[in-house]
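Presented as structure tokens, the chain that follows is alone, the form predicted on its own.
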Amino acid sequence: MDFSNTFFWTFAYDFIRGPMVWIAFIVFFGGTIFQIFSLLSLTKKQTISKLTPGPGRFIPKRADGEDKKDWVMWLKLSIAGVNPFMTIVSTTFHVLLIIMPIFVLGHNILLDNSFGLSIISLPEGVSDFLTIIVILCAAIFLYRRLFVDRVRAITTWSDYLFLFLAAAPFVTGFFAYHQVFENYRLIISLHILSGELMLMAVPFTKFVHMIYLVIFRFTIVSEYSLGRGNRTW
């Protein structure tokens, strides 16, 4: 039986492609604004001292080369130095997770048709290749959670759920682009729905680190700061 032509499925298809999109964006932007103000409300501005931020702490100005040695030592002890492969995988995954939905040609065609806005789009071949990279990165994360003892020991069911939510838009998008299954309407609906669920989950789950990363690294003074922040807990 072909369920794609039933009244319920037609209604669900139209809802996912219409009102659900607006709901997802409202929840995402509303939740993001709420989380930003919540984080800032827990911190306060501080007077910046004349000390300069070193790797993981404030240290006085030192002789030429000494600060560089501190940063090299900090880098060696960080995840980038301990496990450079996973640093590359994780960075690639997170960067593509953000930029791919923005620069995919199909998404920008919809944006142009809906709002008359047009931005630079990646060539379809490049988007397809980068989608495969994202899926491979997700597969590496899954492998580690399943077979690496120290990672499996701290893995919960929610970790699998969030990994699924992050990877689903790319997997379904890949299937839809290559028309892997006959029912294209079902696959593209799952692609849109998974993207909407991912978007709504960002401000209210552990995905919120995508928002906090920028704020925390550049505004709050800590051992993980990437600049001279002016706020403290």
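One-based numbering along the sequence shown. Being a predicted model, the structure only gives us computed values, none of them experimental.
Quick note: we don't show the form predicted together with protoporphyrin IX containing FE (HEM), though the next part is all about it.
For the chain shown alone, residue 107 is not a contact residue for protoporphyrin IX containing FE (HEM) in the model of the complex, no non-hydrogen atom being within 4.5 angstroms. When contacts are judged by a 4.5 Å heavy atom cut-off, residue 97 counts as touching protoporphyrin IX containing FE (HEM) in the model of the complex.
Protoporphyrin IX containing FE (HEM) is not drawn, but in the model of the complex it has no heavy atom within 4.5 Å of residue 103. In the model of the complex, protoporphyrin IX containing FE (HEM) lies within 4.5 Å of some heavy atom of residue 163. For the options 16, 215, 23, 210, the residue carrying a heavy atom within 4.5 angstroms of protoporphyrin IX containing FE (HEM) in the model of the complex is 210. Residues of 129-164 that come within 4.5 Å of protoporphyrin IX containing FE (HEM) in the model of the complex, judged by any heavy atom, are 141, 144, 145, 162, 163 in sequence order.
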